[in-house]
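Next up: a single chain in structure tokens, the form predicted on its own.
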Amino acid sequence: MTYCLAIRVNKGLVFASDSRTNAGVDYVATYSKMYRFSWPGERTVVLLSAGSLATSQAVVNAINSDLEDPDAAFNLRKGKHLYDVASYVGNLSQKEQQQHAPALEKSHASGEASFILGGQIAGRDCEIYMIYPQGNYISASEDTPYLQIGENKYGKPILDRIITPNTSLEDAGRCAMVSLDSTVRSNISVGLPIELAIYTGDSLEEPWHNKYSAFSPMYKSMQKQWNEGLRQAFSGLPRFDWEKDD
């Protein structure tokens, strides 16, 4: 399991992911779940993955292969709309899953993977899409301007409380980090380091990107201040009637 999210605000996009994958409680490894593709002035695409690592890596390998093949019927640079690219990634995922379906069924294993695709094509708006294991996809909405894949329930409350289309990119980035940290604290299958990418809308440049470990000063400070703030807020909650007499 893993946890990835993307946020769309008026000023651009934020992407965040953990880096843990496991094949049982006694085998844990670290792999990046964030893939960035950029052609300055033309388009920027970010892909996040959750689920089967084998399927995810096969999809990314196919994407890179198509980019290197001048005769490829389609690649990331040929889509006129980002939803064309989302459909392409969904087809690649389905093709990979179907190829190994008989063997996976025999071993009672799953080859399913889900993705978040986001970015911007010149002349178009910033967009984010969630691509299901079945290959279909949905986009974010004005009312819910974020998408999550993987172990999403622990990191959802802060997104619901904080994120609106008017949220600044910087606040959206901090919110994403807290969302990931909340999930890391509550679920052993999600782990550090955290990757964060912030794309400024209409820049058509590679997103700002950083990776945070448990020892990163920014991550440690954010975690400490959030924990202390929660405790202070909790201490200030209204008292029950019988406490008011003390």
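Please read these numbers as outputs of a predicted model, since none were measured by experiment. Start at 1 with the first residue shown and count on from there.
The discussion below concerns the form predicted together with another copy of the chain, not included here.
Worksheet item: Is residue 47 close enough to touch another copy of the chain in the predicted bound form, meaning at least one heavy atom pair within 4.5 Å?
Response: Contact with another copy of the chain, no.
Worksheet entry | Distance check, residue 67 to another copy of the chain in the predicted bound form, heavy atom within 4.5 Å | The answer is no: residue 67 has no heavy atom within 4.5 Å of another copy of the chain.
Discussion item. Against another copy of the chain in the predicted bound form, would residue 38 count as a contact residue? Criterion: heavy atoms within 4.5 Å.
Written reply: The answer is no: residue 38 has no heavy atom within 4.5 Å of another copy of the chain.
Worksheet item: Quick one: is residue 57 in contact with another copy of the chain in the predicted bound form, heavy atoms, 4.5 Å cut-off?
Response: Close contact is absent here: in the predicted bound form, residue 57 is far from another copy of the chain, nothing within 4.5 Å, heavy atoms only.
Worksheet item: Tell me, which of 204, 178, 192, 53 has a heavy atom within 4.5 angstroms of another copy of the chain in the predicted bound form?
Response: Checked against the cut-off, the match is 178.
Worksheet entry | The unique member of 74, 154, 83, 132 whose heavy atoms fall within 4.5 Å of another copy of the chain in the predicted bound form | Answer to the contact question: 154.
Worksheet item: Among 137-145, 167-175, 113-121, 91-99, which stretch has residues with heavy atoms no more than 4.5 Å from another copy of the chain in the predicted bound form?
Response: Checking each option against the 4.5 Å cut-off leaves 167-175.
Worksheet item: Across 223-239, which residues bring a heavy atom to within 4.5 Å of another copy of the chain in the predicted bound form?
Response: Going through 223-239 in order - heavy atoms within 4.5 Å of another copy of the chain in the predicted bound form - the hits are 225, 226, 227, 229, 230, 231, 233, 234, 236, 237, 238, 239.
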